[in-house]
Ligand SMILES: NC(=O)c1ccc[n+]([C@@H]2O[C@H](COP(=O)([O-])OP(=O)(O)OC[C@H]3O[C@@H](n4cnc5c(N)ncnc54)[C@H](OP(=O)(O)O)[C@@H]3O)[C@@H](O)[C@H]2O)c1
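Okay, so here's just one chain, in structure tokens, the form predicted alone.
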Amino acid sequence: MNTPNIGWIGLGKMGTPMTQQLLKSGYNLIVYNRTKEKEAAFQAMGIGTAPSPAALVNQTDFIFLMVTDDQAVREIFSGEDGLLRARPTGKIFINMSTVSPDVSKEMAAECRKYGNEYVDAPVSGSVKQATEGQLVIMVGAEEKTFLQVKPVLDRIGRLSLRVGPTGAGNTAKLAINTLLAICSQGLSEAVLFAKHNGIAVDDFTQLLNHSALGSPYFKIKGDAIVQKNFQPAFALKHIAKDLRLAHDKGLTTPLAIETYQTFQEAEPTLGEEDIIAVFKSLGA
């Protein structure tokens, strides 16, 4: 295949920096976003925009999605002026959203009715990694399809790994985000234990960062706790959603269940804040 024309749907905190990696790599790009104000910066750069997913699909070869949830995915594919309403053929749809394995299998079946391929390719990493092209991408797809899209994925992330057929990428992402939630709650509980027993929070996090348990994630989120900075890099409502998806797929182990319950209880009041705002919900 010659250099593909790329369509991109979803210009949020992650989608926008991901598109910049493709633009820097010289790909032709057409974008669509439900909230049209987010398209303005692309129009200012001379990047094409589409009035609907159906209009976008007819002008592109690979169509990427980076949206919020299963409902948004179904609407983009099957809603009025959705991707499949255009009856496309020979397209590859790459869904980089964190959604359920079930919705990926459902959409893949619908895509194949018209002779298209579907790839689930969620990412590990946040805005910083998206901006630097350092995301980790876990892929569910047929091997042949994966090899077709891998050169593009490699422009977005530092690792693109096929882990199985349709839905496998989503399953891997739910497993990673389960651990992310457990680590966030574990860090919060350790800080609180130290604080309640007379250890200054900044002293504790400094010790942690220099210990065998030190990690980039614990440093970033430990600093956020010290600075009381809960502006969302990854909103708590999103991890709560991901834990629900994992729970629906059989998440039953003890730590995961406790963490699942903590984040569900925190979401109504702290959902718009960062994931580490779970610290506040635990009695900070």
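Note that residue numbering follows the sequence shown and begins at 1. Model, not experiment: these values are computed from the prediction.
Unshown form predicted in complex with the ligand; subsequent notes refer to it.
Shown alone here, residue 270 lies farther than 4.5 Å from the ligand in the model of the complex, counting heavy atoms only. Shown alone here, residue 218 lies farther than 4.5 Å from the ligand in the model of the complex, counting heavy atoms only.
By the criterion of a heavy atom within 4.5 Å, residue 33 is counted among the residues contacting the ligand in the model of the complex. With a 4.5 Å cutoff on heavy atoms, residue 11 counts as touching the ligand in the model of the complex.
Proximity to the ligand in the model of the complex, defined as a heavy atom within 4.5 Å, holds among 256, 233, 55, 226 only for 233.
This chain lacks the partner; the member of 67, 29, 246, 50 within 4.5 angstroms of the ligand in the model of the complex by a non-hydrogen atom is 67. With the partner omitted here, the stretch from 124-132, 192-200, 106-114, 151-159 that lies within 4.5 Å of the ligand by heavy atoms in the model of the complex is 124-132. Contact with the ligand in the model of the complex, defined as a heavy atom within 4.5 Å, is made by all three of 38, 97 and 241.
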